[in-house]
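As a starting point, one isolated chain is supplied in structure tokens, in the form predicted alone.
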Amino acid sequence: MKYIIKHTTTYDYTENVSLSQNQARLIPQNSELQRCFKYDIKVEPNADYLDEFRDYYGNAVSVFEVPTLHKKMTVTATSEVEISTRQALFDNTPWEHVRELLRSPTDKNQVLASEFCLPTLLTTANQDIKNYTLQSFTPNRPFLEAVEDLMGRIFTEFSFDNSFSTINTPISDVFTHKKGVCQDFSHLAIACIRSLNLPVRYVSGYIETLPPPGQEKLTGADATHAWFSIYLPATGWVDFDPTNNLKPQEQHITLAIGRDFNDVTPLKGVMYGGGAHQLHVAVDMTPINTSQDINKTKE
């Protein structure tokens, strides 16, 4: 499946901004199952420079500065991405074996994966969360199977509520109140898995939303999204979406990976002035099949 993705972020300020410096992680990754053919980032007002580098986790980071006096800034990232479907996995490696293996990693991939066993401020589990995890991670259960069970329980037992949390809401509050959004459910799952010293990372990206039958898709109705990924020594990284209780396939586009949200924030920066601000984000994922479709989409 191929997509044209348009991600528009708009900041409206109550006072003038005289200077802003920003980092954006808005360029889709290239991986075994995903290929980003091309991308473009436009900033209004115009940035006086726009550069790019790779961060520690291999994410593409765009850096730019806007020195023009402004009360509104718009960042539009457009990309063309192709997604391949992962074949069905049959990995029966017990979770205890994965944990023991990564305590003494023997190759580069295992060394890198072992870093994702460590908790962060956003993914630190308490004893209640660890006990909740152990209900899925029974002795000698395959790691893949245990994670699927944990994901299903989070999906069933927690409610989606976009008014409950912010980025600063402790994961313990999410666990206690059994509600949150995709970011919270991903952080919770990560906290659960890391409580057992197992490798799991945070993934940011997009998900295509489909309208009800007979209705047209609204412009900007697709969404930024978050999920998590576990490391299987014989297979590599495998994604799980606890918000939707599924393994991401062709409707998920990966932007960046990290330990938690703080490593993969789509757009962040510092500014002089501005006062209060309002943020608006719109995402469009347009399926494409031919070069003719691509040209039509760009028009």
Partner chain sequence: MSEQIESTATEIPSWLSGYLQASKTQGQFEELLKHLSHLSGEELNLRASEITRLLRNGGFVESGDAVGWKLDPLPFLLSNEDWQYIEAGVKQRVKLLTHIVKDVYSGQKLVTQNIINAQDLFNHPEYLREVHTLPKSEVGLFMLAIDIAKTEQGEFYVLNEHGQFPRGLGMLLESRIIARRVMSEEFKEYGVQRIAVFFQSLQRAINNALNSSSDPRVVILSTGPNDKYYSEQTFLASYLGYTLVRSADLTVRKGKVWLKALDGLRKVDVIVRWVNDRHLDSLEQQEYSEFGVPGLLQALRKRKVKLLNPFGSNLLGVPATRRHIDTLCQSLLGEPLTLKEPKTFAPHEVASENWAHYELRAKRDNKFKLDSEKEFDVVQREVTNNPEGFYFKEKVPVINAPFWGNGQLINKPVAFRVFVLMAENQVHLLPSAMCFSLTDNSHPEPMLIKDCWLQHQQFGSTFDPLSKSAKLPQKIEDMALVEGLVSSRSAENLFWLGSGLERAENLGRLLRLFIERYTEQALYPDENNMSVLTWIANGIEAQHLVYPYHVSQLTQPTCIVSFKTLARGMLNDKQKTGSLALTVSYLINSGLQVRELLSYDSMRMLENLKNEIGRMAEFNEQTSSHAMQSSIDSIVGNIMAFNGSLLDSMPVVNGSFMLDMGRRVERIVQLIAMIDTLLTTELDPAEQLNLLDAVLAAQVSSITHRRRYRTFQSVATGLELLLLDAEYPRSLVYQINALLDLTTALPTKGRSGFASNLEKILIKLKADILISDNTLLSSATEKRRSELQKLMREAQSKLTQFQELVQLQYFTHTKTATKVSWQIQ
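Numbering follows the first chain given and starts at 1. Since this is a predicted model, take the numbers as computed values, not measurements.
Just so it is clear, the following notes concern the form predicted together with its partner chain, a form of the same protein that is not shown.
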query	finding
Of Thr265, Gln34, Gln251, Thr235, the one that lies within 4.5 Å of its partner chain in the model of the complex (heavy atoms)	Thr265
Single option in Leu188, Leu144, Val200, Leu102 placed near its partner chain in the model of the complex, where near means a heavy atom within 4.5 Å	Leu102
Contact of Asp107 with its partner chain in the model of the complex (heavy atom, 4.5 Å)	yes
Its partner chain contact at Leu19 in the model of the complex, heavy atom, 4.5 Å	yes
4.5 angstroms heavy atom contact with its partner chain in the model of the complex for Gln183	yes
In the model of the complex, Glu44 touching its partner chain (heavy atom, 4.5 Å)	no
Interface segment, criterion being heavy atoms within 4.5 Å of its partner chain in the model of the complex, picked from 130-138, 85-93, 116-124, 146-154	116-124
Stretch 245-273: residues contacting its partner chain in the model of the complex, 4.5 Å heavy atom cut-off	Arg259, Phe261, Asn262, Asp263, Thr265, Pro266, Leu267, Lys268, Gly269, Val270, Met271, Tyr272, Gly273
